[in-house]
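Let's start with one chain on its own, the form predicted on its own, as structure tokens.
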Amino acid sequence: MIRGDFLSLNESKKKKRASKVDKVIKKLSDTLDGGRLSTQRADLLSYSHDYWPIYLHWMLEDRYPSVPDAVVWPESIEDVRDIVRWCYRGKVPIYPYGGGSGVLGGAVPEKGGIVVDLKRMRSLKLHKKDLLVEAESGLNGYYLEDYLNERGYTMGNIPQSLYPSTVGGWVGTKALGQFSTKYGGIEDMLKGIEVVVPPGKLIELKPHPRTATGPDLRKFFVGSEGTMGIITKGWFKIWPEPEKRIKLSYASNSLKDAVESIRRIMRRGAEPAVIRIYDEIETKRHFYEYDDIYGKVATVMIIEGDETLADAESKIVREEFVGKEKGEKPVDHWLETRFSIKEASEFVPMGVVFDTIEVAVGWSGAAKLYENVVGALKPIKGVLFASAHASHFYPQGICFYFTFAGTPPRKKDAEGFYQQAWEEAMKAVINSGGTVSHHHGVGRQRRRWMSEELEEGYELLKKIKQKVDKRGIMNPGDMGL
């Protein structure tokens, strides 16, 4: 968490602008010609944050805890290498930046320095025979999927942030999308990677179907959140566009029935691309137009792929699911509204504090974790509601996506209320045997639970960070590193 005084931009800059930063900015300004470096106020404020919900409250109060000293826009690998070289020599922090759609403060330039916006690096190449796509890290996610669809393919990674997010951001935060139950997460799709690490070295790990050349270094950079280097390119697994799509929805009397139904379906080997189970509160929020499921537990599913396989999977679903089938309309409604995040713009200006917390747990602990987290959030003074849906599934377990919203009581500000909700939720997750993050990553919001989750593994991670990034310039503070 970023705490302490909230300094004005000018005061903050005066305190941070040591001579070494000025020298690095001068070197980068000479190297990156054509207006590819900015120290303008508007740019510094724009790149001082991502979509971290609590930061939205700070912005409305004209609080900017940290701003960068400059923003740069590289256009090539050599540009990136130059940026890392000069910043390494001057011990100036670097913060890789994609689409700014992260929700945990992972892109906040906590210690000043240089924000590196990679969106001008967006080349791509399709390798049809190998079922691979090669994409630079700044490539927009929606553009990539649209490009593939036009040519008869899909990558299958459709996060809610599809429109603003970038390929490098997906890899850096270990993202996954709404169709993950079939296609997997970004770690399953990544087959090769190109990364610039301090003091400016290029690491290229070529794509292979599989390789046994020691520990998989490709996976080392997945989820690294810019703390180990700057991801510049990736090679990703793709699929032919599905031949058939089947849309199913159900209404159940209890969350337990719906969750148990999916466990049996997964156990039999069926993998619907999309499965989403909404508790009663979330069903009312998202499907209020549908009287026959209002107040029930709603489940929507999309099965897609080869026609024979899709038909076989739908047969398994219909045999195993406990609940009343409700047709395609709820699924169509979900498809039409799935990218809407209007709550932020509607409720934050009214002083409502909210967030989503996604976690994962094995099937044996699923019911307990759901009850414990909702039960921990609801008693907090000021909470208006706490609810959840399950959005990603595996033969071994489930991801719950909790939502809380409320207004801070007297004598407690938005940040205090927000942190109390997170503390209670994380405590409940850990005590229930779950993992504190499923796909949003760690950032600055979750970093204080890293040691509790990873234990001795966190000490190993810190040692690796110190070895790779000896001067600590790569996104310092993120994940507590």
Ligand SMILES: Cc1cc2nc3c(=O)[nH]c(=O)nc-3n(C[C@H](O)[C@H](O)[C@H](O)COP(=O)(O)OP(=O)(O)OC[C@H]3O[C@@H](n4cnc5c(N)ncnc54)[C@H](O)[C@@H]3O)c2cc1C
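Quick note: we count residues from 1 along the sequence shown, nothing fancier. Source: prediction; values computed, not measured.
The form predicted together with the ligand is left out here; the points below concern that form.
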Answer key: of Ile265, Ala388, Ile230, Leu190, within 4.5 Å of the ligand in the model of the complex (heavy atoms) is Ile230
Of these, Tyr418, Trp449, Tyr64, Tyr51, which has a heavy atom no more than 4.5 Å from the ligand in the model of the complex?
Tyr51
Mark Ala175 yes when one of its heavy atoms lies within 4.5 Å of a heavy atom of the ligand in the model of the complex, and no otherwise.
yes
Does the 4.5 Å heavy atom contact test between Gly99 and the ligand in the model of the complex come out positive?
yes
Taking 4.5 angstroms as the cut-off for heavy atoms, does Pro164 touch the ligand in the model of the complex?
yes
Can any non-hydrogen atom of Ile341 be found within 4.5 angstroms of the ligand in the model of the complex?
yes
Contact test, all of Gly106, Pro159 and Gly168, partner the ligand in the model of the complex, heavy atom 4.5 Å
yes
Any idea which of 280 to 288, 218 to 226, 265 to 273, 198 to 206 reaches within 4.5 Å of the ligand in the model of the complex, heavy atoms considered?
218 to 226
